[in-house]
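Just one chain follows, in the form predicted alone, and it is written as structure tokens.
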């Protein structure tokens, strides 16, 4: 009954190592702190935007770079169900604003000792279980609306992915500098002390 329940030990070890490294980097980046997440929503602390933007740019360079070097792997592109993405994004954003954590930072904060993150993580697990139960209804009623298939910016525009990677890398360099200036200017005006 449980023969396909767990992956092989090597995959489990790699997953555990990757998860620990990810949690460590989230903690070192400061995004396991409630004040940092709420500061993002209040447009006072852009640590989350800087970290996520850098991660997206590095990931894009890494994935397309490995592909260009001939490393074969499949891209698991999800369906672009626009209505489902919009509703899910709104629900995610409201939950993140209320709790002060997203799923990754909530688990990392719980590991760091934040007791209030426990309730958020429990809520996330309950929400995931609820969505799994509601999935057949969601698939029939919501996920098919404005579903444009497995679309990427490259396939929609007809441009090479390289253009988008160049834009991402440029943004990963420029945006943190611009946001740092914004944070310093806001801190001077409000008299707040910068977190980082």
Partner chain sequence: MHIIKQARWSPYWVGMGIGVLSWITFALMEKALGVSTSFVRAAGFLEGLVAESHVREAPYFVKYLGTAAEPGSVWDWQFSLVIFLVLGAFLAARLSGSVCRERVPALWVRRFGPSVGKRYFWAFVGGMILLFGARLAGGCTSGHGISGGLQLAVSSWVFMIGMGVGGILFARLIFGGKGGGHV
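Since this is a predicted model, take the numbers as computed values, not measurements. Positions refer to the first chain, counted from 1.
What comes next is about the form predicted together with its partner chain, which is not displayed.
Taking the partner from the other structure, its partner chain in the predicted complex has no heavy atom within 4.5 Å of any heavy atom of residue 144.
Its partner chain in the predicted complex comes within 4.5 Å of a heavy atom belonging to residue 59. With a 4.5 Å cutoff on heavy atoms, residue 52 counts as touching its partner chain in the predicted complex.
In the predicted complex, its partner chain stays beyond 4.5 Å of every heavy atom belonging to residue 182. Using a 4.5 Å cut-off on any heavy atom, the residues of 112-136 that reach its partner chain in the predicted complex are, in sequence order, 112, 113, 114, 115, 116, 119, 120, 121, 122, 123, 124, 125, 126, 127, 128, 129, 130, 131, 132, 133, 134, 135, 136.
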